[in-house]
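To begin, one chain is listed below as structure tokens, in the form predicted alone.
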Amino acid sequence: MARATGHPPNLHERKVNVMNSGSAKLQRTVFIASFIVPTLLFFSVFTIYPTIKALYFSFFDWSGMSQTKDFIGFDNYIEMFKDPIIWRAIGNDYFLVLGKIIGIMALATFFAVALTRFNFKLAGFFRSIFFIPNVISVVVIGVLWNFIYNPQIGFLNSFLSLFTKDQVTITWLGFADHTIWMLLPPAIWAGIGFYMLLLIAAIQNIPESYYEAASLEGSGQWRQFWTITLPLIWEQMKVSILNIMMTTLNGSFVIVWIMTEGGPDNSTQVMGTYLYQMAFRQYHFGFASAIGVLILVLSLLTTVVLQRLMRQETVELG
């Protein structure tokens, strides 16, 4: 009644308002915590704790099997940076990062633009086809491409034999200087679909009126891409590039190990495969932990560098 007659609320009404406000804040806090706490616990158990443990083990000479560990300080790191294989592995990792970023982003952007800016009747079908590699296990992809590269029964040699008199029997994964190049096609093929769909979603959010206005001004498809599409999907492209970099530095192990096991002559070693080899083949867990720390440091540094290189003013839809 106090509010209806224009009088200020009495003491009882103030207490009720404060209690209701406090209850709403508590419910909001509990709601937010119900999402944050499980995620934080999961992240702590499966990411933070293993990272700290790996850093700890990197200061010891430990086989991974014995109960005794000999503290050796930074000797594992000194040994690692003197090892020529680790430098080759780092070079191979960044070769794959660069190759995948260029290959995946170029093809994903091309297909995303083609399937959205041109009236393809089978656009939905092609989206599904391009996404198929993303639902296939990386192990299956590695085995599949091993058969494609097989010198006797492989599809690639069989296809090339159609244009030659003699049967082509090139050992595609047997050249120390060139085998790392053979790992790029399966890695790029496996990643196109996901990033294509990400860019398609970004392009579909661009108002059609922008393109209509550009067409009225005489801009062709190529100019529309550079002046409208690319600036407005740049944020999604940055996220894609960073994700490709992170997944490559941390996840190239599977496809490299399945296809070449780091060979021939360590020519396709990446940091992940060398870590696995040192830990589970040579039982040098302290050294392997040092490699794991190196992967983490390089991933963080590369992320910072890429973010600075790709930094530009964000274009927002008006």
Partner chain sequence: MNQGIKNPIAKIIFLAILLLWSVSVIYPLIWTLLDSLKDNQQFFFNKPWALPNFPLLWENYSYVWEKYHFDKYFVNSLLVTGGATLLGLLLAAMTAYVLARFKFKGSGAIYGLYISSMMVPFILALIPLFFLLNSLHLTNTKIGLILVYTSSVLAFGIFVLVGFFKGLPKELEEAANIDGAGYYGTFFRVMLPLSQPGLIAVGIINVLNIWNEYIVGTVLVSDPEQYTLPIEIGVMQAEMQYRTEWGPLFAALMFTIVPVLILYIIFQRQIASGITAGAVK
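Residue numbers count along the first chain shown, from 1. Here the rigid core means the biggest group of C-alpha atoms that line up within 1.5 Å when the two forms are laid on top of each other. In this text, all values refer to a predicted model and were calculated from it rather than measured experimentally.
What comes next is about the form predicted together with the partner chain, which does not appear here.
Taking non-hydrogen atoms only, G99 never approaches the partner chain to within 4.5 angstroms in the predicted complex.
Taking non-hydrogen atoms only, F60 never approaches the partner chain to within 4.5 angstroms in the predicted complex. Shown alone here, L296 lies within 4.5 Å of the partner chain in the predicted complex, counting heavy atoms only. In the predicted complex, the partner chain stays beyond 4.5 Å of every heavy atom belonging to P231. This chain is displayed alone, yet in the predicted complex one of I90, L198, I72, M105 has a heavy atom within 4.5 Å of the partner chain; that residue is L198. In the predicted complex, the partner chain lies within 4.5 angstroms of at least one heavy atom of each of the following residues of 119 to 138: N119, F120, F126, R127, S128, I129, F130, F131, I132, P133, V135, I136, S137, in sequence order. When two forms of a protein are overlaid on their rigid core, residues whose CA moves 2 Å or more are considered shifted, and G251 is not one of them between this form and the one not shown. Fitting the two forms on the rigid core leaves the C-alpha of F42 displaced by at least 2 angstroms between this form and the one not shown.
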